[in-house]
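Heads up, the chain below is alone and in the form predicted on its own; it's given as structure tokens.
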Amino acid sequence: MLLSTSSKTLNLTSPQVMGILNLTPDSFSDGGRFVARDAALRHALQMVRDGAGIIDVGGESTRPGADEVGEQQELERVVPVIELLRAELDCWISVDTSKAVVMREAVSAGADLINDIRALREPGTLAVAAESGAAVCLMHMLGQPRTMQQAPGYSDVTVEVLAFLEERLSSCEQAGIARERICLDPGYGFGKSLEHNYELLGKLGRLHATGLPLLVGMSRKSMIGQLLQRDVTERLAGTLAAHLFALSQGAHIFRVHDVKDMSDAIRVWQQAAHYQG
């Protein structure tokens, strides 16, 4: 399994860890810690040393109830940091954004992957993504971040998430984005109840019907905290369990805060799986 840009390829034969680099003051887990550029670079370098193959740079919080960030402010947060990372790192760099202008400028600055929680549905994003040559991640979200957790409803969450992702995949292909440039994210925690999240995790294997790489991100999320009754600082064990289950169901990319722990967990899982059966 591969994920490609117009100029490079990411081998997904082995799982890839995506380290989260939030450049926001209000992210639910680590808001404000890495706003300064030197702190952002140090953290990114450490995540790569700890095993990250991708660094995901975000300038707008997408937690439930989060306020929107203006285009110019998001550009000022992410573009200089991406330029800095590109000069220092050989790993893939991802930009977590839904704005066409930010996508274009981030790719120009060195980003390889556009990670869009709105799955390229905002004005101009399909065209920018197609022209950029970057890889893209399409995520499922019901509603918008400020209101998405207000009584979300599905008749069958897995069927509906798969149908949505297939529709967005079709739109991307029609816009000129080749399948080899696309990965998919079921969107845990984005417009889904606790039950929806775990049903979607339990049936994750059904999303392989698309034939595309799967990215999952459950790091420290409320689906862990609610089930275990744990504060955000006490969700590591639950996060690792959720992601290892996703790995057993064929997930390829794991978006996490705790890169070293996730990398260690994957290595142990792989070593045991090598001798299985």
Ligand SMILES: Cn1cnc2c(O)nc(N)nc21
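None of these values were measured; they are calculated from a predicted model. Sequential numbering from 1, following the sequence displayed.
Beyond the structure shown, there is the form predicted in complex with the named molecule, which is absent from this document and is the topic of what follows.
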Quiz item: Check 137, 217 and 221: does every one of them have a heavy atom within 4.5 Å of the named molecule in the predicted bound form?
Solution: yes
Exercise. Look up in the predicted bound form whether residue 75 has a non-hydrogen atom within 4.5 angstroms of the named molecule, and give yes or no.
Key: no
Quiz prompt | residue 190: touches the named molecule in the predicted bound form, heavy atom cutoff 4.5 angstroms | solution = yes
Quiz item: Should residue 130 be counted as a contact of the named molecule in the predicted bound form, where contact means heavy atoms within 4.5 Å?
Solution: no
Quiz item: residue 117: heavy atom within 4.5 Å of the named molecule in the predicted bound form?
Solution: yes
Quiz item: Just one of 193-201, 109-117, 155-163, 81-89 has heavy atoms within 4.5 Å of the named molecule in the predicted bound form; which?
Solution: 109-117
Exercise. Any residue of 225-255 with a heavy atom within 4.5 Å of the named molecule in the predicted bound form counts; write them all down in order.
Key: 255
